[in-house]
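What follows is a single chain, given as structure tokens, in the form predicted on its own.
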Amino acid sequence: MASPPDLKSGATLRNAFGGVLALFIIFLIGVLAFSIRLFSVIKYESVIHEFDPYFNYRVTQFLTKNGIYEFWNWFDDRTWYPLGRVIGGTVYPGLTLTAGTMWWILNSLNIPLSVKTVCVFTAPIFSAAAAWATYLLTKEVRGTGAGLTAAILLAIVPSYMSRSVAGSYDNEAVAIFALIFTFFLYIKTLNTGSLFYATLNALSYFYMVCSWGGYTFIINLIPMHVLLCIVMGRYSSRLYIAYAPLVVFGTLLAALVPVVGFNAVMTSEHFASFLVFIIIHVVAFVSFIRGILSPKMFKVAITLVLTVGIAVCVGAIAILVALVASSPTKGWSGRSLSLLDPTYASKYIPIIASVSEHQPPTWPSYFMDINVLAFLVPAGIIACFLPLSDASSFVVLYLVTSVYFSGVMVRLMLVLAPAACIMSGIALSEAFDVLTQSVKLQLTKLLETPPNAGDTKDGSSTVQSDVVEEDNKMIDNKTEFVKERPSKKSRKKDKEIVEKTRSKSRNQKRLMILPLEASSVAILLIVVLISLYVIHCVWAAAEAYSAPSIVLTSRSQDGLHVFDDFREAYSWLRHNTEVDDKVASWWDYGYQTTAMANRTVIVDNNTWNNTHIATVGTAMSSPEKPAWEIFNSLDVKYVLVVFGGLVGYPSDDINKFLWMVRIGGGVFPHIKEPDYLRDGQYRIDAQATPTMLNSLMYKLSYYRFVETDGKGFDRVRKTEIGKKHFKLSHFEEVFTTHHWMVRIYKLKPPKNRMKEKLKKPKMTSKPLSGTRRDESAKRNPWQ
């Protein structure tokens, strides 16, 4: 029989080995998260993806070349001509500063990587950091096993990979890590009551504010959880320490970010945090005076406190209502209102509704982005209630709110992904605990039971003792992550709670012992389920999300076809136009045109000026001559349109045209959507309306299209075009890419009106000169 010191040393060695193994697994999870996102580089090349990342890349180039002070004061005259844009005060600088710092450190260490290479691999690096942050957060909620499982799930979840593959240099690349890490520090502070972690939490929130506009999700979710804890009677000093410093220091730091500024205290997105801040102070004061006053005096004091508190709250609410009422949008931004009211954007702000990632997701989108996790999440919710703690209630609240927001806007599936992984990790960990313990106990019973039947009681007592031993281990593991600083009064209550939990869990444990066959089959089914999830994730990383939108591919019987038309068009603009030439296109292609062609654009993806975008939309919707006049007034030299009718590219300008009509009509009432529809249907064939067939977008897209096949068959709309043979009078085609995906036209110069009038009269030179002087005298208002 082993002595107690031997048992203690064995347990210590086992714990040390477990810790080292956990660290090794965490490291492998980081490697997995990084490597699975490299398919885009392996299959294609090291290139920036999508549209917004090109602007971020251009800003990072400027930062590394000119320094931080020039970056804050940079006025970009190549965008939003003739208005321009103040870059330092209109961007979230977290991503740019992070990549710029990484580039500076690497070059200081004599590792000469280009800015482009650093930008391409920033997202995979931070995806590994996000997986580690998920481990820390889930460990605080449910222990090490659940943390490791959740980290593995997040490392390969398709929803997160869609914005973090190599080359996806967007704000979400670093913002999801900041989101998860902020939640971890909040839960850590809630469990420990440490002011050190509370300070780190405020700093992490500051980094999130610098990185993404989605920081408002944090500053509303945490107050909701604090209010929930207060209502449930779970207020403690730890809750106060976790929340109060975050509101004070976090708001002060957020106001330092130029793009946020005073919005941190003046917009409705932040008012909930201030209201809960007042409530928690009232509750804290009541809790304080309860401990120092007698019950009789406490009733008197509580009456006074409630009276004063209600008066203060009413006054604060009145001030907030007055501030909110003075704003036409009630203090909310357009995107926030579209989240609270999914129909708001389609009614009042079509520019927001026109973005594909702002559309509600379909049910297959959930299966595509989180796959089998959708079926594991309910089990994780149940596990969080057994037992319910402050940390587990926060995770449940996080899941519920993220499910709602993801249902409103498909882009916010990113916010749902960590919550789904955490819940699924908890569910899988609890399931494996129950099943493996059942197998262990049943195998122990089979091995230790003697052949004679008279010793069944000994066997059952052995199983029961194993149950108690396993139950003690489970209680120790589950209480390991709840490290509190209890007061003297609450120590006795905590001991009673632990004893009740032990006795209750023992009874539950006896009930949860499953037969050996059932446990083995259940483990096998879970392994198969996880294997299917891994296969789906690898496919999504390799096929669905690895292709950059700047380079397109398609497979047919002839093999793989590569469409590099976008870079072909931007290269032509860069080498065949003047540096000061202005290029007009729909706002989707503004960032790419500025970054890759280095030419001035009229509108871009920032979409901050709806009137300017509506002007371009009106020009595209107008006949050729009025469109030429609009573009000429903006000093436009070239017009770029994207056309997919020849190769079947569905995301072309013809499919986006109705949004141009709606946005233009929202500012210029003479543009009316019904004029472009035939019996409520959008058509480009012979049944299309004359307004549609004479619009500039139709002409620039289908000019000479009939020459490709003799019929003018559009492979996207699956029909022959209505107007096949026509000429352009105010625009001339200067370049069309190999697959006709990008077409560039040049505005013809205005005709010399004097020469036209000179051709009509046939007169001698004397009357001609006299007539010219008389007409010029009549037209000149200054003579």
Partner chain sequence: MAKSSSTDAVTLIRSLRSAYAATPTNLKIIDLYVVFAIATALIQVVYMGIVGSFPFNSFLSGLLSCVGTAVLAVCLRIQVNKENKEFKDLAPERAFADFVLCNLVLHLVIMNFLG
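Please read these numbers as outputs of a predicted model, since none were measured by experiment. Positions refer to the first chain, counted from 1. Heads up, when I say rigid core I mean the largest set of C-alphas that superpose within 1.5 Å between the two forms.
One more form of this protein exists, namely the form predicted together with the partner chain; it is left out here, but the text below deals with it.
Heavy atoms within 4.5 Å of the partner chain in the predicted complex belong, among the stretches 276-284, 662-670, 355-363, 624-632, to residues of 276-284. A single residue from the set 288, 375, 72, 539 has any heavy atom within 4.5 angstroms of the partner chain in the predicted complex; that residue is 288. When you look in the predicted complex, the only residue of 228, 113, 256, 83 with a non-hydrogen atom within 4.5 Å of the partner chain is 256. Contact annotation for residue 367: none of its heavy atoms lies within 4.5 Å of the partner chain in the predicted complex. When contacts are judged by a 4.5 Å heavy atom cut-off, residue 245 counts as touching the partner chain in the predicted complex. Taking the partner from elsewhere, residue 238 is found to have a heavy atom lying within 4.5 Å of the partner chain in the predicted complex. When contacts are judged by a 4.5 Å heavy atom cut-off, residue 196 counts as touching the partner chain in the predicted complex. The partner is not shown here, but in the predicted complex the stretch 289-303 reaches within 4.5 angstroms of the partner chain through a heavy atom at 289, 292, 293, 297, 300, 301. When two forms of a protein are overlaid on their rigid core, residues whose CA moves 2 Å or more are considered shifted, and residue 524 is not one of them between this form and the one not shown. Annotation: Cα of residue 266 displaced by less than 2 Å between this form and the one not shown, core superposition. Shown in the overlay between this form and the one not shown, fitted on the rigid core, is a CA shift at residue 308 of 2 Å or greater.
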